[in-house]
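This document contains two forms of one protein chain, each encoded as structure tokens and listed individually as structure 1 and structure 2.
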Structure 1
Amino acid sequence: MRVFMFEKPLGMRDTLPDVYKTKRALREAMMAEIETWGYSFIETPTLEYDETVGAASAILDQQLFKLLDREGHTLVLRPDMTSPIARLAASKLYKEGCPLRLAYAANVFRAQQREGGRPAEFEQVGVEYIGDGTMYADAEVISLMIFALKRAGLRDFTVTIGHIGYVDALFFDILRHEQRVETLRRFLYEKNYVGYREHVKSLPLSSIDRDRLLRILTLRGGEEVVAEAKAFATTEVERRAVDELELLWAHIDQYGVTDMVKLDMSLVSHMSYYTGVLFEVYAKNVGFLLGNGGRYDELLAKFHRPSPATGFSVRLDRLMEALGEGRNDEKKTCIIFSQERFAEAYAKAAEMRRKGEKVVLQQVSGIQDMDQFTASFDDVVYVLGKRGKDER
């Protein structure tokens, strides 16, 4: 097929000036909050080896952008930041017994099979808290995400928390087969609760087991869900998961943000490396996921440095959509000058820039349509002809 001159690869987007300014402001606001909690920002390569980071990532293989280097190694454009940071921490930064707090603001790449408005490249801001297996770490990461979103200007949003250990223990106790468990997990991940109910009803199960599978959909709400989930738990793994959520809620309460949080015992993720607490954040009246995170205690073992870890990531493009149209309050001045008064015009522009003002310096003969060009500025100063009074 012929590629037209102005076409972009599937899922790729241009970022125009106003969008760039808004995105930068959100990024800087979140980064500022994250840094006040003592996290250190890092960068990792855009390209990683497929057999290490690609294999460790929870992103499906068909969503990876792959290419070959000159030595014949398969490389991938990083599909997430958690796996590259796990590689970096395991190789250089993490010392056993010393918790490590890292953060990032970076683009990730996930190939799209068809055009559906979903980007193949998008920016994430997030943190990874490595080396602490206590619920204090989970509470810190969740609370930090809430504070960072508030600092970025988001107000009406909810963080939903679950535990993959609870779901898996329930499913395996009843179904005892990975493929059957995966089928139910997919219904939950896709939020297809009607399909989930119909599928459960079609399974050859006892009425007791069928009720147990259906009841998990009702375990949603506030702190009261802990007692309900504990009453329905039948395995030690389920009870341990509920105990962790109870402790987590108490710690989050100390941060004063439980009004932004709810529990959902049916919550699952497409990210296969989560091993315990996991969470998602949604904004009111917006149907898509803004960010997510959770505990991944087995990922660093793939890089030969076993360690507990937890973290979160927020998508900046979706955060922008949740906040709506941002106002551009930046004022911009244009100084239009003629050749003989360039030095004077530059001196004026330099003085204004030192005061923090945004100033464009434009030679008059370079403008073809004066009205259209000047319409985009808040103020226009003309430094033209013989030296004299400037005109506005």
Structure 2
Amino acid sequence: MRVFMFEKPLGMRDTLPDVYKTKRALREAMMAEIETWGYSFIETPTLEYDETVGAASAILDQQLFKLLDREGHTLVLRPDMTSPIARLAASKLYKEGCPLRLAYAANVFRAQQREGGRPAEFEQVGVEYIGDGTMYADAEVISLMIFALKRAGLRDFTVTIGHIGYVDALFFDILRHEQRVETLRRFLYEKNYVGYREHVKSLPLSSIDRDRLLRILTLRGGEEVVAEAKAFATTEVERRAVDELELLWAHIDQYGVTDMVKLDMSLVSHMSYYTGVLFEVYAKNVGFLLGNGGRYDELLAKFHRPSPATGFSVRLDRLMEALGEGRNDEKKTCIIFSQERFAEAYAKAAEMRRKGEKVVLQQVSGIQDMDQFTASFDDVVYVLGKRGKDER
């Protein structure tokens, strides 16, 4: 068989110069914003133990990349950054005292899928805010995400906020059985509203309870949703969740970004570790979720260090898609020299580089096709021949 090209494994992508530059600019813009809010960036290993980080992660088992080390332990390529940071925070950083504000820009890995548009490796930028259970923490994380996306140049996007505690309390109050709650929650998670309505109608419930379950699908919109949800809340837990959302809205209003935010009381995430406020961010021009986040107060307990926590993560590949093609406006100069004038050419290049200009220094006999080579530069300077004899 003839090899037509050297293929990459399924779902893996190269990053070529133009894309790299755009990606770096976006990453740096987001990082710069996150740093001004006092968050510290960290790195964790690419490989983790399946037993610990793999098990704590909310990513489904069949979506993990697994391999064995020499002792036969199962390792995973980290599927997200939240569980590695939880591990780290629980074991190392705990002494520093809470709350912790950590951030990352890192590649994560999800199992390969046949269909295009679903990379198996992609970069996420995000934060984890550990040790603060107040709504100020949730508001900070959501607002920071909005500020960081704006700084990266994104305008047309929206953040939808929900509260999983509200959904669970409402369902449990009516269904009284964890199994039945799970069945109903699954319809919301699968976005199957037809199935949800049919299932609710098939349950032996009072008409009041049936209406409560059906109404949750319509409880979405702006600030007014809080009042509506409050009016319908019957249990203490529901009321507490709605109070939290009311407070959250007021705090986000202080940051001045409520125009980017909507509420949806039926929001259920694919991440199963969320315990309270949760949110998703969507942008125009991308058909998929741009990022998400929420409160995960029980995850750190899995690493024997119970602590409230919240965070967000944004997918850099999708952010890039949302913003469209990168603008390549940088200028690059090439200095082509012959060997006897190398010192002179280097001095010139060094001086330009000191000024921050981008300069390629190229010996003339190393070029095979002069026209093709020089075509990629904005400016070409020739330093050729015996000194003083002929310039340019």
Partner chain sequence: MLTFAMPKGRIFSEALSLLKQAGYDIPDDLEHSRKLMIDVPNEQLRFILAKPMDVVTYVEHGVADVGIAGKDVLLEEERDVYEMLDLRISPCYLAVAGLPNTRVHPIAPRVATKYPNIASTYFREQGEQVEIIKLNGSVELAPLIGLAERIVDIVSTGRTLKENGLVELERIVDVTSRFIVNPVSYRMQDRAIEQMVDRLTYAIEKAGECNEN
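The first residue in the sequence of structure 1 is number 1, and each one after it adds one. Between two forms, the rigid core is defined as the largest C-alpha subset superposing within 1.5 Å. The structure presented is a predicted model; accordingly, all values stated were derived computationally and were not measured.
Chemist: Could you let me know which number goes with the form predicted in complex with the partner chain?
Modeler: Answer to the question: structure 2 is the form predicted in complex with the partner chain, whereas structure 1 comes from elsewhere.
Chemist: Answer yes if the CA of G195 moves 2 Å or more between the two structures after aligning the rigid core, and no otherwise.
Modeler: Moves: yes, 2 Å or greater.
Chemist: With both forms fitted on the core, check whether the Cα of T74 differs by 2 Å or more between the two structures.
Modeler: After core superposition, the C-alpha of T74 moves less than 2 Å between the two structures.
Chemist: Honestly, after the rigid core fit, is D209 moving at least 2 Å at Cα between the two structures?
Modeler: Yes; that C-alpha moves by at least 2 Å between the two structures.
Chemist: Once both forms share the same rigid core frame, by what distance in Å has the CA of F172 shifted between the two structures?
Modeler: Value for F172 between the two structures: 3.6 Å of C-alpha shift.
Chemist: Keeping the rigid core fixed, what distance in angstrom separates the two C-alpha positions of R186 between the two structures?
Modeler: So the C-alpha of this residue moves 4.1 Å.
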